[in-house]
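Below are two forms of the same protein chain, given as structure tokens: structure 1, then structure 2.
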Structure 1
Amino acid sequence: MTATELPAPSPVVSPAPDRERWLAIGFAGPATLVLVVLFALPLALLFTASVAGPAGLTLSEYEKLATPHYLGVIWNSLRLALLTTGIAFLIGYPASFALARARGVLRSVMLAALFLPLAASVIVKAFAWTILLRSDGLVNTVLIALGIVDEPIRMIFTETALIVGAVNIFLPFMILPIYAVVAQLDHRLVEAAATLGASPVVAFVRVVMPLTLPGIIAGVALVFSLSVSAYVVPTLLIGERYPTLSTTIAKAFLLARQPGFGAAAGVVLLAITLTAVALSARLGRSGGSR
């Protein structure tokens, strides 16, 4: 090497791809193990129990679910979920706008009214509705005192009581996602639409509703998933008069000692819930692409 020659720079050593891969596996490993043990493995066992028979694999438990009686049970669960979701949306959508536009003490009171019920158990809230709606409950007492009715009317153990209680219990899960989106809306967009000649109705339908679609989809998916699989609410508010998939699963495991049938009903309920979530995710992606 001459005096004018400079030593060649040493190459920069980058971390080996294998080392990065093993580091990623090491960080993700514990969480993956928890998911497998607590979620994937129980679901696999549930599905296995639904198709396992004395002579091997069988679909006999699913054939029972295809009979008219259990198709009616499936429809009861879907009807409860659809009615609860629809009514919760009709109430929760305008309530989300009112909450987003409220200020000061009023907003704090509304948020407290929304969050405080979430601290109570579903069992407590369902029992509260049984107390309100029974023959000597507060609702009948007020109706008689106002002269609207002459004697107590039957409210508890009716479909109306079930829907009212379910909407009340699951309503916050509709309001919160929509409120989170509405609170971020730029209200100048509505003013811009008005300057372009759009009426308030057209501006709401063409500008506001598409922007709040992610919150609507999230709220609908949450409320539908919770209400279609509800167990405590129908058990306490209507009982055996309105059998659902969740109550059928409980009876199959706890009373009838038919774990295979209960597992098959559980798989059907899981499929309904996953379908609702998948559809909501697809709608969310399509809405976001537009």
Structure 2
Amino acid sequence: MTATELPAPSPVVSPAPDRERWLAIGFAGPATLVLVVLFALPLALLFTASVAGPAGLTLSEYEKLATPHYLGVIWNSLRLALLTTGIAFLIGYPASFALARARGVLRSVMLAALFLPLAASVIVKAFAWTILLRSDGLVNTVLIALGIVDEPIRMIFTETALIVGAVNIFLPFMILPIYAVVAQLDHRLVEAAATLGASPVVAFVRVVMPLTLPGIIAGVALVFSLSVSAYVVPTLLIGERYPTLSTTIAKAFLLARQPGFGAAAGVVLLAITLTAVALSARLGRSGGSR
């Protein structure tokens, strides 16, 4: 027996490629089935229901949405989302930089302060804001004690309450994606920019901002799509006075029994969210290729 005739080492894990493929399909099967039967088909049916009339296809449900009243409702949803996203960004962007610089116990405390509210029930937090913002609530007490106002101001069931609550609930979703990017930032690049004569402002605008752009886009898209479809927050903090797409959809199904109209409103809400997601994905890609 010569060395060349040694038996080949037995293959460790290499079943026939064909078998491996079938195995993979088998592994992916149950999840794919759930996705098709419980997600894709119901969505398809929702689209169908939104254009189905007694006599074939119709856009009449969408026409109802195009009336001034419901355009106002759509604007309410967008306004809530835009204000929430804007304010959350103004607080969250600088905060992410501090979080990325924090070390040890401080970092643990700050991360816990982000994760605990994230894990806490939305209903619990919204309920807390109804307590805080009552006319005899803590916020009014503090404002009066500080001499900012003379008598309790009405806050609950106003747009202020709505925005304060929404920013509070969605802020962690802005900070975490930005933090994930800022924490990976190579500080030598900033130093390099300074060495090359860039002022701190120029270094920030030309180096730091573009590098953190993926995090900004992710955070903005996330907070926008969450707040545009928020339901618990407007229900508890402002109620009937500020109808949004979400509250309109819920009403159409739970009270008014207008599934066709509700479906159309649902499709509009979905379209808004998907536009935000698609736009952010596109921006993220073009930002990355630059």
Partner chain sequence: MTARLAIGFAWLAALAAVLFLAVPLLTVVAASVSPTPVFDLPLEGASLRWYARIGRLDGFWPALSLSLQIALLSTAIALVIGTLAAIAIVRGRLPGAETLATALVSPLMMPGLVLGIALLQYFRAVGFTATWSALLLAHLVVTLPYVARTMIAGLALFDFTLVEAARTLGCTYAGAILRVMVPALAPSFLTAGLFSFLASFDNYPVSIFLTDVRTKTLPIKMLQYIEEAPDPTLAALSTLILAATVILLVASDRLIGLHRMAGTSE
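Because the structure is a prediction, the values reported are computed rather than measured. C-alpha atoms forming the largest set that superposes within 1.5 Å between two forms make up the rigid core. Residue numbering: structure 1 sequence, from 1.
Structure 2, not structure 1, is the form predicted in complex with its partner chain. With the core superposed, Thr32 shows a C-alpha displacement of at least 2 Å between structures 1 and 2. After superposition on the rigid core, the Cα of Leu274 moves by less than 2 Å between structures 1 and 2. Core superposition gives Leu23 a CA displacement of 5.2 Å between structures 1 and 2.
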